[in-house]
Every structure is written in C-alpha cells, then in structure tokens.
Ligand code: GLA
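Only one chain comes next, encoded as structure tokens, the form predicted on its own.
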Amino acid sequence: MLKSAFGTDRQGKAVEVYTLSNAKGTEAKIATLGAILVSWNFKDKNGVVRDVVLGYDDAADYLKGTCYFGATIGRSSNRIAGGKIVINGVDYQLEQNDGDNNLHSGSNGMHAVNWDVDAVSENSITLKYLSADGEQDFPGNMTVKLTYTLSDDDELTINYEAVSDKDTVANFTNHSYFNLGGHDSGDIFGQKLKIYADAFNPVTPTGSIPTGELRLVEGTPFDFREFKEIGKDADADYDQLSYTGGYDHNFVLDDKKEVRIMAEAICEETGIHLYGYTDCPGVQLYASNFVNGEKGKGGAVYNIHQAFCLESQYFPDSINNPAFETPLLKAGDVYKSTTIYKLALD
C-alpha cells in the first residue's frame, strides 16, 4: 500500500493519501481528509491512463473548495429544508449553508474533517471517524467506518457503517464527479447515461427541496431509461431544469433493500463504461451546474457541465417528509449501506 503526504487539515494534522491498486494497474487514491476519492486511474481502449474523477492537488485546495469533489458526505447528504429537523419532539437547527437550507451537513461536515485509518491492505482501506454529540448540530455520538475496496474486476466498493448513542440522521453518500473522457477533457454532454428509474423528485422553484411528488420521467427531459447523451435534453424548456440550472435531482430507484444497478454511463471516445450499484432508495444526478473556473488537479480548470455525479442516498429532506423512507437511525442500531462503481471497456 503506497502512502503519501497530502498537506494538513484545519488543525495542522497531517493528511495522507493511500493508493489502492489491482492486478490490471487500475489505481484509486483515497485521502484521510473527508475520506475523499482523489483520483481513479483507468486505462482506456487505447491504453491511455485516464483519471476519471475531478479533484485537487492537495488538502488545502479541498478545504477551500465548495464543490465537494470526491468527498464522503455525512451525517446527511443533500438538502434539509430550513436546516431544521425534529427528532423525538426536539427541534434541532442545523447550519443554513445553502440559502435557508442545510446542504451536505454544513460547512464542517465529514467531508471537511480528517479521518483515522482503521485498517489497510493492498486493495482496501477502512477509515474511521467519531462525530461527537452536537457536531454539525446533530444529536448523538456517532462512530462511522467507511471502507473502500478496489477489486481486480475494477469495482470500487464503498461500504458505510455507523452507530450512534442517540437517535439521529444517517444518510451518507460519495460525491465524486465523473468524466469518462478524463477529468480534464471538457464537458460531458456527449457522454451517454442510463438511469434505472421510472420517476424523479420535482423540487421547489427556489431551494431545491422536493415537493413530495414522484413524477414519472416518461415524456420529460429526465427520461434516462435508455442510453442518451447527457446534453440531449439539458437545455429543454422545462420548469425543473430552470429551477436548478440543469440536472440536480433525485431519481427514485425500485424499493428493493439490496444492492442493485442504479445507473450506467459511457464515453465512446475512450470506450470507458461506468456502472453504478447501490442499496439506497435514490440517486442524485448532478451535472456540475455550478462549477465555474475551478482550478483542479494538474493545472486543469473545471467549468460547468464538466462532470456528472451519481450520489446514492435517501431522498433529499426525507427526514422531514413522512411519505419518504426515513434516514432516521435509532440509538444503538447499526447503519449499513453499500455503493459500487465499476469501470469497464466497451
């Protein structure tokens, strides 16, 4: 297992990057800061190594950045309306870091803290973090373990496990930005996407909070049930696209409580095919609508629509919506979830 320095966190503690590798030469680099997927290097159909995730060169840039490149999001991914939750009759006011709402648990979420290394092998790393009672304004002392494993079949498996001594929210995701042409190859509108969902969550005109409706994708720009270019309908005259500046919505997966396919993407130029699997009820498609002039790895500059995210999750604001499956974790219960991203060549 290769380990390298990556700068320091906000408290001056050393941040390190661990490189997972397999027999094919595929490499995934994981930072202790934010349990971030820093890079994922894969050979394309011509034998050229492509780094297929956006990111930065060091910890300092990740701490300054606001895009959540590659980050582990917790305790709660996506948005919570008004930053308010009620658990067992007690009101909790979270940081309002996205207009009036809480986004990705606030500015000091788990994406911004340095995790401890719990175990390592050549192709796997387990990181651990204790989130104290009241941290990010959530109740309960929560211990989280996160394991990345890179298989010889080029599957990157992310296993989450958490337990708390008080009832709290547990809704973790990985916020990697994928570009199958390579992180520095320009926009992804020509890449093709398929999402295994018949419905999505429409959101409010401001704030991007789900209205509670489950709208069928048929006849809308959100129909990705068959492969189509991401940019094909991205500029369509449709209310939901205008509210969010493009795709930034949760898609409703089937209600199976098991790991199953959620999405696929293809870049014909490189031949790289991405498969995504999860046991979560939803997946957020985000087409990097608000990335603009972001200075990234190796001198790259990232702009709008230069990547897509497939964030497995409970539905946004589900802690406040009884019609949605709840992300409430009861005290002493163990939260477990698995998401898998797999790379292959067509």
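Since the structure is predicted, the reported quantities are computational estimates derived from the model, not experimental observations. Don't overthink the numbering: it's just position in the shown sequence, from 1.
What comes next is about the form predicted together with alpha-D-galactopyranose (GLA), which is not displayed.
S.K.: Given that the partner is absent here, does Glu311 sit within 4.5 Å of alpha-D-galactopyranose (GLA) in the predicted bound form, heavy atoms only?
M.R.: Yes, Glu311 is a contact residue.
S.K.: Does at least one non-hydrogen atom of Leu103 fall within 4.5 angstroms of alpha-D-galactopyranose (GLA) in the predicted bound form?
M.R.: Residue-level check for Leu103: yes, a contact with alpha-D-galactopyranose (GLA).
S.K.: Though only this chain appears here, would Asp248 touch alpha-D-galactopyranose (GLA) in the predicted bound form if you measure heavy atom gaps against 4.5 Å?
M.R.: Although alpha-D-galactopyranose (GLA) is absent here, Asp248 would touch it in the predicted bound form, with heavy atoms inside 4.5 Å.
S.K.: Closest heavy atom of Phe290 to alpha-D-galactopyranose (GLA) in the predicted bound form, within 4.5 Å or not?
M.R.: Contact with alpha-D-galactopyranose (GLA), yes.
S.K.: Looking at 52-60, 38-46, 292-300, 279-287, which one sits within 4.5 Å of alpha-D-galactopyranose (GLA) in the predicted bound form if you count heavy atoms only?
M.R.: In the other structure, the partner sits against 279-287.
S.K.: Have a look at Thr168, Asn201, Asn78, Asn179 for me and say which one sits with a heavy atom within 4.5 Å of alpha-D-galactopyranose (GLA) in the predicted bound form.
M.R.: Residue within 4.5 Å of the partner: Asn78.
S.K.: Between 51-67 and alpha-D-galactopyranose (GLA) in the predicted bound form, list the residues on our side with a heavy atom within 4.5 Å.
M.R.: Counting only heavy atoms within 4.5 Å of alpha-D-galactopyranose (GLA) in the predicted bound form, the contacting residues of 51-67 are Thr66, Cys67.
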